[in-house]
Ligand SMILES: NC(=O)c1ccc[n+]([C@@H]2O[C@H](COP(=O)([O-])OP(=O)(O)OC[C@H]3O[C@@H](n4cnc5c(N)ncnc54)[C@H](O)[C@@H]3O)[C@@H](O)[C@H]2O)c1
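First comes one chain, alone, set out as structure tokens in the form predicted alone.
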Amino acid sequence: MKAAILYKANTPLEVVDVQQQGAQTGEARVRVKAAGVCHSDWHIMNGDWTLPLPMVLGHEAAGIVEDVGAGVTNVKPGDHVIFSFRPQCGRCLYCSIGRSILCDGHQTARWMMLDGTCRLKRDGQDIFQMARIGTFAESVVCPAEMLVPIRKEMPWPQAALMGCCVPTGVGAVTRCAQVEAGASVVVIGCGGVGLNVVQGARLAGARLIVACDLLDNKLEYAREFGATHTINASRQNVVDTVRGLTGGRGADYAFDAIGGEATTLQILDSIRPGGTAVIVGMAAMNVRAPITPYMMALQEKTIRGTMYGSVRPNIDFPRLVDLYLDGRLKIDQLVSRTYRLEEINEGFTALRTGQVARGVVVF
């Protein structure tokens, strides 16, 4: 089978043949049908996140279960599934309190199977899998607990995006911040995740949704997804403009869908006293943001982080699929381009240059 492997940071992915071991106890083998091209993969490719290589990247995907190992009961051959890039052991503290995104029930490295071994080899060398799945591959063997069955009428490119950018963005609003109807919301960054923050705010009934980006084409996407106002941060001061739209106070909620020092400080400065700022985008590991503790206390501001939108995949993925199939969630508009696996490096070029809302590799 073919897979896209990163052998060294700041080099292209290599699409090559690899050998795959079958599903072991507690695992399943899935034929991948579509996989999204995400900034989290790019963080590994450009060295922002230093993980062991070689590794098959990819974590936002959907496919068909082909076979399962011993003890697997949550999926069966023929099921259509979305990959969850977080495990769900069902036993640890976080799973027990309904925050499975923080699951810490497995002690093995996040790029190996739960038994500490690999399922992929090339020329006798172990190949790691990003987040234990590595979905830039024709087939994936992974822990079955990381697979969520969905309705079979869901189209594959759209199903793939349910694996990362849709739940991360929508969940940041509805699960993490719990934005209420009538609230004012600011979203910084209008890529795949940011656009889903925008439509999450629309679903929550926010009255004012201000989308900010440096690119006019991204702001056009944001208007389509529900933004009431847009700010091009290369020409306008984000904080001053937000205050102008909110009677001088600032917004009730602000979301950083990029992840970086400047944008973290912008969301803090954009919220009103008593407001909530949420970091959604994943920054490079070495990024720091100098907040002002005095102002945080004086104005009772809250800053929160969210991983994967704080969703519960087993519950929320099927619900998001229902919302899409009922016409209440825009996902078709996210799929800007599709690629063959052999074209995957073109997908990352388009991602880096802001040409797409989301690119998807279709198998």
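Because the structure is a prediction, the values reported are computed rather than measured. Just count from 1 along the sequence shown to find any residue number.
Separately, the form predicted together with the ligand exists; it is not shown, and the next lines address it.
Although the partner is absent from this view, T168 contacts the ligand in the predicted bound form, with a non-hydrogen atom inside 4.5 angstroms. Residue contact with the ligand in the predicted bound form: M282 places a heavy atom within 4.5 Å of it. In the predicted bound form, G134 stays away from the ligand, with no heavy atom inside 4.5 Å.
None of the heavy atoms of G275 is located within 4.5 Å of the ligand in the predicted bound form. Although the partner is absent from the chain shown here, S40, G191 and C212 each have a heavy atom within 4.5 Å of the ligand in the predicted bound form. Look at 244 to 252, 135 to 143, 212 to 220, 198 to 206: in the predicted bound form, residues with non-hydrogen atoms within 4.5 angstroms of the ligand sit in 212 to 220.
Only one of L147, A177, V185, C164 lies close to the ligand in the predicted bound form, with a heavy atom inside 4.5 Å, and it is C164. Residue I258 is the only one of I258, V173, I127, A227 with a heavy atom lying within 4.5 Å of the ligand in the predicted bound form.
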